[in-house]
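Next up: just one chain, as structure tokens, the form predicted on its own.
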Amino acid sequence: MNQYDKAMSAAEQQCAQSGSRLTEKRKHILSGLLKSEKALSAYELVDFCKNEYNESIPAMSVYRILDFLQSERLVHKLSTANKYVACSHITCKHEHEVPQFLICSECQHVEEIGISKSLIETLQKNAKKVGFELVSPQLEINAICHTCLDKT
């Protein structure tokens, strides 16, 4: 079984365990994110479904599906770009660190990395000291991937 099939199977199991269903349309949206090398917008996922499955899914439905997939911890929203990526830990069964995202400013490739909870707690304490509360511990860091760096 390849990595894509493992991720889809794990996603179905995860939804079943939480008492929900990974419907065909939800599978199509998740499939687009799993197959993509970069983050995708809802409208890019509409195009993906049309091209890949010959299915027209309205953008509002895609947003609802993405909300569902987020609630199941299968996808992450990149707030700065208003785009989505599949969680790189769908097939893992262990506790994860806080997800952070490196986004290539050249090709838009995204990699999910983990940062220890203690580092996030330090960030929260430092923010509190200057009168701020972190709304989300998720960091989105602009970077350049090695592939793009090697091209320059």
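Here the structure is a predicted model, which is why all the values come from computation and not from measurement. One rule holds for the numbers: they count along the sequence shown, beginning at 1. The term rigid core refers to the maximal set of C-alpha atoms that superpose within 1.5 Å between the two forms.
Although not depicted, the form predicted together with another copy of the chain is the subject of the following passage.
With another copy of the chain left out of view, the stretch that reaches within 4.5 Å of it through heavy atoms in the model of the complex is, among 60-68, 37-45, 99-107, 84-92, 99-107. Remark: G131 counts among the residues lining another copy of the chain in the model of the complex, judged by a heavy atom distance of 4.5 Å or less.
Under a 4.5 angstroms non-hydrogen atom cutoff, another copy of the chain in the model of the complex lacks E55 among its neighbouring residues. At least one heavy atom of I144 is located within 4.5 Å of another copy of the chain in the model of the complex. By the criterion of a heavy atom within 4.5 Å, L139 is counted among the residues contacting another copy of the chain in the model of the complex. Contacts of stretch 68-91 with another copy of the chain in the model of the complex, defined by any heavy atom lying within 4.5 Å, are made by S79, T80, N82, listed in sequence order. Superposition on the rigid core between this form and the one not shown places the CA atom of V135 2 Å or more away from its counterpart.
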